[in-house]
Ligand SMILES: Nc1ncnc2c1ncn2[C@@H]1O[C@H](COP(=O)(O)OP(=O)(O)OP(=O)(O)O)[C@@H](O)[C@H]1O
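First, one chain by itself in structure tokens, the form predicted alone.
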């Protein structure tokens, strides 16, 4: 990790002395004698911390802090002055300086202060890089596919992302609604704020209300202290309400109030809490039908569906199956550490002809399991589940079901190093069933 310091001081003797002292601590030091020279070095070198005199020939060092922070916000600046004033000190900190110290009186403080400033600069840069990585991960360019159906959905999402409009994502389970929600958020003006996602089908009505809106201490049995809700966590950012069609109709009124008035009342409270949140909702249900049944509020539906985006099922974008399969092959080979470079034509044919009831989520699972049990450099048709064989060309016809099942279970056990809970999860069966199969096929022997 780089530790570069820039000293800007027109007193050459002091500049040189300070340089030697700091270099003895292991830092690399650059020298400048004017503000203009300092800014030029900053543009050419990766500097983490600047130590600048307040009185420079061409610029006030306090004002220079502001110029540096505007151009390079992750660089920390320490102001040095021979004649410190409270007004200059306050303005220096206001402009973004790490600290403001007096020459001579504070000599013993410089090195410890420099170390703290360097730590902060490194931390800020790491956070910045992590934020950039997240933003890149959730760009629209990261959505795999080139079919007309998926491109139409992406185009709509791009247009609405730059607004603050409420969005309703529709589509079957496993079509990538949360991926789209992330992309909309990270391409909006709220991208630096929180993105908070909650699956409404995962909680009871009472627990979901507490999770979303928080509660006061003593609001119910077990509420020992006040809790901040997810809407407060998302303040300034985006709240993603997945499976909103599963939400209790009585709780839907509180969501409507957030959309219309930007406020809610915590469980057990009497005062309103204000929030500035963009809402993106998603469902695989036909909400018009749920309205007719009395399960969903019509007024909430119209507020949510200001901008609807229908995500196509995988069966509606078969041109993308090959691309998606190669994408997940690369992802899982890297994750597992396998050297698998390709898929056989028969394997790919089996994928393309399959009826994808679970959509992209099902495809991901198929590729992950194939990678785990593959012994060679290519995914072959015999690695597909049995229900694929009707569609796959040159599929094995002489394999006994028990033989295939035994081989498959044994491969997964080997991959998980005997972890039966993880093996059962990957196989999609209960732990009791797995133990029965292990006994039946004598796998532990």
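Keep in mind it's a predicted model, so treat the numbers as computed, not measured. Residue numbers count along the first chain shown, from 1.
Another form exists, predicted in complex with the ligand; not displayed. Remarks below refer to it.
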Partner-contacting position among 149, 143, 197, 110 - heavy atom within 4.5 Å of the ligand in the predicted complex
143
Can you pick the one in 278, 177, 354, 266 that has a heavy atom within 4.5 Å of the ligand in the predicted complex?
177
Stretch in contact in the predicted complex with the ligand, which is absent here, among 357-365, 220-228, 247-255, 157-165 (heavy atoms within 4.5 Å)
357-365
Would residue 324 show up as a contact with the ligand in the predicted complex if we use heavy atoms at 4.5 Å?
yes
Is residue 316 close to the ligand in the predicted complex, meaning a heavy atom pair under 4.5 Å apart or at it?
no
Quick check on residue 72: any heavy atom within 4.5 Å of the ligand in the predicted complex?
no
Decide whether residue 204 counts as a contact residue for the ligand in the predicted complex under a heavy atom distance cut-off of 4.5 Å.
no
Members of 259-297 lying within 4.5 angstroms of the ligand, judged by heavy atom, in the predicted complex
284
